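One chain follows as structure tokens, the form predicted alone.
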Amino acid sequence: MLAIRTAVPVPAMAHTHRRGKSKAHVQRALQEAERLCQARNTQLTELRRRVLEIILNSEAPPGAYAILDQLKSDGRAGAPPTVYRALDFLLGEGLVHRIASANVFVACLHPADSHSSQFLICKDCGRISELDSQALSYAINERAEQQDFKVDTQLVEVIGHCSACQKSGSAQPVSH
């Protein structure tokens, strides 16, 4: 069975709902990150926590330079290597995912679980939905094993049009 978890929901109508993420949701995610880091004997420093918070609060998945801009607007001094080190930590701990095709970051919806990364990405509005398909992960691992290939990580990105863009008519026709 395939479960879909939306990493970046379609924008809510009310301005107070930042793409469906309430302040309580963000705080719970930050507390969970702190708990996981403590259990793993790693440190969620103030900067790492702030970078994760920026990702959690972002209207759209941010890139490293958008995160750096937000840090600077917070009054922090910083340079790209500072942000990349924080992102490397968050990626390593499974707290965020990097969407390679867009070079942006999304918070992981289930950071306590080891899993492969599978995403549906709307090329019109930028909505990103995280999939949780053990069957897909298994199929990739099985095919790789048949070719004597050892998989370290999986990142599957499927580009297309979300239902909202299809319904609104903003979806661009597929060209062959």
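From a predicted model like this one, the values you see are computed outputs, not experimental measurements. Note that residue numbering begins at 1 and tracks the sequence as displayed.
Although not depicted, the form predicted in complex with another copy of the chain is the subject of the following passage.
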Identify, from the list R28, R40, H110, K123, the residue with a heavy atom within 4.5 Å of another copy of the chain in the model of the complex.
K123
Looking at V151, A60, L36, L47, which has any heavy atom no more than 4.5 Å from another copy of the chain in the model of the complex?
V151
Quick one: which of 139-147, 28-36, 47-55, 65-73 gets within 4.5 Å of another copy of the chain in the model of the complex, going by heavy atoms?
139-147
Using the partner position in the model of the complex, report whether S163 sits within 4.5 Å of another copy of the chain, counting heavy atoms only.
yes
I'd like to know whether G92 contacts another copy of the chain in the model of the complex, with contact meaning heavy atoms within 4.5 angstroms.
yes
Partner contacts for 60-84, taking another copy of the chain in the model of the complex and a 4.5 Å heavy atom cut-off
Y84
